[in-house]
Ligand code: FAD
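First, one chain by itself: the form predicted alone, in structure tokens.
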Amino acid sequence: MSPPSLIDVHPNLAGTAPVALSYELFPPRSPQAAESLWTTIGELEATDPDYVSVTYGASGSNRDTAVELINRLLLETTLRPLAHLTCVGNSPEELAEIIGELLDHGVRGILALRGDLPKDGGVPASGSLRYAQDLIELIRRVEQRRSALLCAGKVAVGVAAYPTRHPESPSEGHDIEVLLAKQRSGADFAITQVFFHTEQYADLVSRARRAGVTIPIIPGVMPLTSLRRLKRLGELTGVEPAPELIERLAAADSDAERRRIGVRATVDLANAALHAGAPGIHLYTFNEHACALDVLDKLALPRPARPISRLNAIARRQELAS
């Protein structure tokens, strides 16, 4: 019997891992929205997140503005973009071109998504990709062809995970099978869709681990401060937000009180996920920074130590923007 390796003898050589922090942004729809977004980007950059995800419309409907935003993030900020990419309605050739373009611009993280099916009930074009699993495999093929170009930074591929049953899925068990298939196709991590109840993240992770899913599952948390947004997302996900939270938000007599209630509920949700072993927190910002930063302030996440040069660069950018 061979002796144990040094790694086995000293399992905690690296100490406690820091908690990852990330945000989601979407491309602006107008010049006014762009101005507001860049104010938000400056505020979020000051927190030194590990990455920011940039959404991508169904069938690439806002591809140009998404790529433009990603390019500006790469060129004008210290932020690392995670590019969303959907596959429904696009051929492998079209998607391979887009993936190549993202990599050429310096993107090293892609969130591979199926995307929404046509709203008119139509069938996607013949020859187009149908599932996120297909897109993952395509990303890996493009990456393999460019392996020499990527020696200083391989591609990290993320996918979506569902704390509650996907609206089109027959069961939660099926959702876990899909997540496992994505892992087998080459996914590196998963980010959950929004959830509203503290036990849902832990339940998802427990079911996923029992099925053999080993990749990090990062909880996606939305600031629970907008009554309208809460109700709308409840309709989309099929999961009702906590009735008592809805009642408290509706009864609040000011925006400040509503924000305080919502931030507290969001912090409770994020802390429940962290207590269940979440390796990070992904905040859905809706291109607004104030509530996201309120949540972050109250979470006090253990973050990695950054080089002083990087922190100074962020501070200089803040000074120039002010």
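Numbers for residues come from their place in the sequence shown, where the first is 1. Basically, rigid core = biggest C-alpha set you can superpose within 1.5 Å across the two forms. Because the structure is a prediction, the values reported are computed rather than measured.
The same protein also has a form predicted together with the ligand, omitted here; what follows describes it.
A.B. asks: Only one of 141 to 149, 171 to 179, 240 to 248, 92 to 100 has heavy atoms within 4.5 Å of the ligand in the predicted complex; I'd like to know which.
C.D. replies: Looking at the other structure, the answer is 171 to 179.
A.B. asks: Hey, in the predicted complex, is His166 touching the ligand, heavy atoms inside 4.5 Å?
C.D. replies: His166 belongs to the contact set for the ligand.
A.B. asks: Is Tyr51 part of the interface with the ligand in the predicted complex - any heavy atom within 4.5 Å?
C.D. replies: No - in the predicted complex, heavy atoms of Tyr51 and the ligand never come within 4.5 Å of each other.
A.B. asks: Is there a heavy atom of Ala202 no more than 4.5 Å from a heavy atom of the ligand in the predicted complex?
C.D. replies: No.
A.B. asks: When the contact criterion is heavy atoms within 4.5 Å, does Ser226 count as touching the ligand in the predicted complex?
C.D. replies: No, Ser226 stays farther than 4.5 Å from the ligand in the predicted complex.
A.B. asks: Are Phe195, Asp268 and Asn287 jointly within 4.5 Å of the ligand in the predicted complex, each by at least one heavy atom?
C.D. replies: No, the candidate spot makes no contact with the ligand.
A.B. asks: For 18 to 46: residues with a non-hydrogen atom within 4.5 angstroms of the ligand in the predicted complex?
C.D. replies: Residue within 4.5 Å: Glu24 only.
A.B. asks: Does Gly173 shift between this form and the one not shown by 2 angstroms or more at the C-alpha, the core having been superposed?
C.D. replies: No; that C-alpha moves by less than 2 Å between this form and the one not shown.
A.B. asks: Just checking, between this form and the one not shown and with the core aligned, does Val142 shift 2 Å or more at the CA?
C.D. replies: No; that C-alpha moves by less than 2 Å between this form and the one not shown.
A.B. asks: When the two forms are laid on each other by their rigid core, does Gly238 show a Cα shift of 2 Å or more between this form and the one not shown?
C.D. replies: Yes, the C-alpha moves 2 Å or more.
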